[in-house]
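In structure tokens, the next block holds one chain alone, the form predicted on its own.
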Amino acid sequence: MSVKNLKKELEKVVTENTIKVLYLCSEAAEKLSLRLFLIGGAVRDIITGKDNFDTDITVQGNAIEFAHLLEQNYPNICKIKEIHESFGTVKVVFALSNEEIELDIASTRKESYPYPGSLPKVDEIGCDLYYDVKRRDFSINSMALSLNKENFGVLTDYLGGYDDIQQKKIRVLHEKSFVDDPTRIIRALKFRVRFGYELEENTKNLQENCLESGMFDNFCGERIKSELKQTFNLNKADAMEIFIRENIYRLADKDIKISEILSKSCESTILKYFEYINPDFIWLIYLGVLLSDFSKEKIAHITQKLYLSGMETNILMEAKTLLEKTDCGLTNFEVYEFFEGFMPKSILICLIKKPELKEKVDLYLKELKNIKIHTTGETLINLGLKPGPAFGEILRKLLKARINGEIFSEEEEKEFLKKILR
């Protein structure tokens, strides 16, 4: 196999300060005679020409000792931020020219899985690089780029990741990969959608067998949540279509039954109303649609198993409440009351399931939601009224008149208030 040196490709996709930091690490590694590598997704992104990757470094040896050496050699610009002894990993931060460069540095390690779907157990730290890359998820993430002085930029590719990138294939590294970690099924989906890749044939069969076994039905858990979030936050209809068509949904809940057709509606609706959504919550709209036919009790059970936060859970529960409501009414104020108090994400889940509400959702989000009145409780006190339940009724009548177009200006509002008080 010919030697590939990707130094030029590396320099194209990273900042000038990042290159400087990598060379500083290279110099420090020489002092301990350590083999040092850029690893995993970073190498994949260099090969594909993407410039938004994490800087993950692997030391064939002890990463924590290496991080301390960096701190000693470059005390003014390098600080250790986090240390995780059990996994032999450490995070360091370099400060160069008002830019902070974070490096995640890991020791090479062997891992094993005590039982299917468990978290991995570290068996050995400081092993040969081959065993470290062999434990990873897919061939495209198993490559390493040397950072040592004598061969800086040379690619190490034991498992054929470079060729799989050229062929746009996702391939697992061993037969039990999905059984060891079923979250890799959703991760593979993410890469397929993000890069336009396909599952290699054997990998496809292994995925089908894993899902059909039922071993991981309703698996849920924080790792599933994390992968769902990253995948659906891409806002690609293909992700939801494949998620349903290939039965990947069984990892979240085997009883999900929903049409693939809604996937395109999810994507287009999110794009249209993007200004009303925090991009970090896009995935919850997809999840809300997937769970929309379940009872509130079932939704609550799933959100608990996925370790959703209180706010994340509320978005899904509010969507279900909206879907259970019937008549939206005809007047502007009736439309306002129908959607009042519901978060935009919940409203969009409802809209995807009930597209007939489109005009009223537009009206509420773009106009009615932002209508305010000038009168306040303080205004009423200044008019001689005593605080009490009547305040709410008066303010509500004013808001209704304003929303229904009976009053427009502040002066008209004052006249309307006089009528109410009389």
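Because the structure is a prediction, the values reported are computed rather than measured. Throughout, we count residues from 1 along the sequence that is shown.
Another form, the form predicted together with a small molecule, is not on view; read the next lines as being about it.
Between the options 241, 164, 181, 253, the residue in contact with the small molecule in the model of the complex by a heavy atom within 4.5 angstroms is 181.
The partner is absent here, but in the model of the complex a heavy atom of 137, alone among 137, 246, 312, 337, sits within 4.5 Å of the small molecule. Among residues of the shown chain, residue 44 is one whose heavy atoms approach the small molecule to within 4.5 Å in the model of the complex.
For residue 321, no non-hydrogen atom is located within 4.5 Å of the small molecule in the model of the complex, even though that partner is not displayed. In the model of the complex, no heavy atom of residue 281 sits within 4.5 Å of the small molecule. The closest non-hydrogen atom of residue 194 lies within 4.5 Å of the small molecule in the model of the complex.
From the list 59-67, 390-398, 35-43, 361-369, the contact stretch for the small molecule in the model of the complex under a 4.5 Å heavy atom rule is 35-43.
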